[in-house]
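The form predicted on its own is given below as one chain in structure tokens.
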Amino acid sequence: MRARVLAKADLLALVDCLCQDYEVIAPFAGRGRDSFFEPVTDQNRSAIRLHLPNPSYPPKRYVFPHIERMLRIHLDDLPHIEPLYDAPKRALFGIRSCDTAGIDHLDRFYLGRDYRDVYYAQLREHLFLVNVVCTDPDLDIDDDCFCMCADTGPAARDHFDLQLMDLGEELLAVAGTPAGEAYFSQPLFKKATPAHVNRRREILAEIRKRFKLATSWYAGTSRLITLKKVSNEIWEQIGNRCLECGGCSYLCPTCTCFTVTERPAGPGDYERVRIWDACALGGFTRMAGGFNPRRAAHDRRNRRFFHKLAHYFIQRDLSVTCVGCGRCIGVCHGAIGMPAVVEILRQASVGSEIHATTGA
């Protein structure tokens, strides 16, 4: 990967270059610590922020939309089906390393197996990713961030087209693909020096010390879940705290579940749409005859964390299905985000070992 530098004053010039080729989606600051992704326009371009809290609503929706039209059914004199594809050329500017890893997981799920999802493939083919390294401990890094434990941040190592890192007066730009490297022909970029690379290492070494949340017991939790050593009582304890809102799934950058339904689209016309679904919801596993093999909330929590952490899925998906973004912590009213569940299982395991040792 090649590196270049550009002045921070030229950041908007880079955005303008991207706007010539793509619809650019960038992060903007709202009230308080709120932030959100929106299309860049002439009116809002000056409000783009390089450092701000990671938006709660994950940018995965630009490659896996919350509601996606798949086909149109025409019931006229000559009934026919019309596939619907909507794949604009977009550049996601300012996507964090955790969300970059989330999109990489979606790539493996939708494109890396025997079945290739054509709707996802078209959106992904037209998506350009500009990753921003988290270097501001007051804005970029939240108390709930644990990307280091998931080995996804604060700086992505791959799966981006361009990466920007704030070095102070300048930005270090790294190209991850030929499409990203093509922008280095712009005069605003200059060659990086060894001093720039050393400064990058120094900043990353310092910023890694600023993370407050550690979930280092991933491996132990994976072992317990894989070997089915988590008791039903513990799963019930976790499940009883779940309000079945689905927020953890909807805000998770790696969740892939969806349902398909039809809706009216005009006289004699219907649309088939794909909509995000969540394993936390009671109807997720309900069958056509009404039987639900996972009616109990704790049984669905069991399945969710089995999918996230069990060895079988880690082998299949090539990673733990969690990127450490911390969104599940902020959205969960029952306080059973990923770090909390890992800690519950850790304490249960320690308690079992003490019980077995003392013979109590």
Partner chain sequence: MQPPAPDNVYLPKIAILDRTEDEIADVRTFYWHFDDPAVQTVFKRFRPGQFAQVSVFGVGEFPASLPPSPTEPNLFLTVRKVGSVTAALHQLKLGARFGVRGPYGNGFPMQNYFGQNLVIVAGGIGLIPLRSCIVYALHNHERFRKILLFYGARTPGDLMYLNELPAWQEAPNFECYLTVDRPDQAWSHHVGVAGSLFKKPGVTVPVENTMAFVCGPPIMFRFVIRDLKAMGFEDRNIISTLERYMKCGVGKCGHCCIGLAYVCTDGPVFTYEQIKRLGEDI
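Positions refer to the first chain, counted from 1. These figures come from a predicted structure and were not determined experimentally.
Omitted here: the form predicted in complex with the partner chain. The next part is about that form.
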{"item": "Touches the partner chain in the model of the complex: Leu204 (any heavy atom, 4.5 Å)", "value": "no"}
{"item": "In the model of the complex, Phe37 touching the partner chain (heavy atom, 4.5 Å)", "value": "no"}
{"item": "Interface membership of Pro83, the partner chain in the model of the complex, 4.5 Å heavy atom rule", "value": "yes"}
{"item": "Proximity of Tyr62 to the partner chain in the model of the complex, heavy atoms at 4.5 Å", "value": "no"}
{"item": "Of Ile67, Met70, Leu318, Ala47, the one that lies within 4.5 Å of the partner chain in the model of the complex (heavy atoms)", "value": "Met70"}
{"item": "Position in contact with the partner chain when the complex is considered in the model of the complex, options Arg272, Arg90, Arg124, His196, heavy atoms within 4.5 Å", "value": "Arg272"}
{"item": "Stretch in contact, per heavy atom within 4.5 angstroms of the partner chain in the model of the complex, of 111 to 119, 245 to 253, 143 to 151, 129 to 137", "value": "111 to 119"}
{"item": "Complete contact of Cys257, Gly289 and Ala310 with the partner chain in the model of the complex (any heavy atom, 4.5 Å)", "value": "yes"}
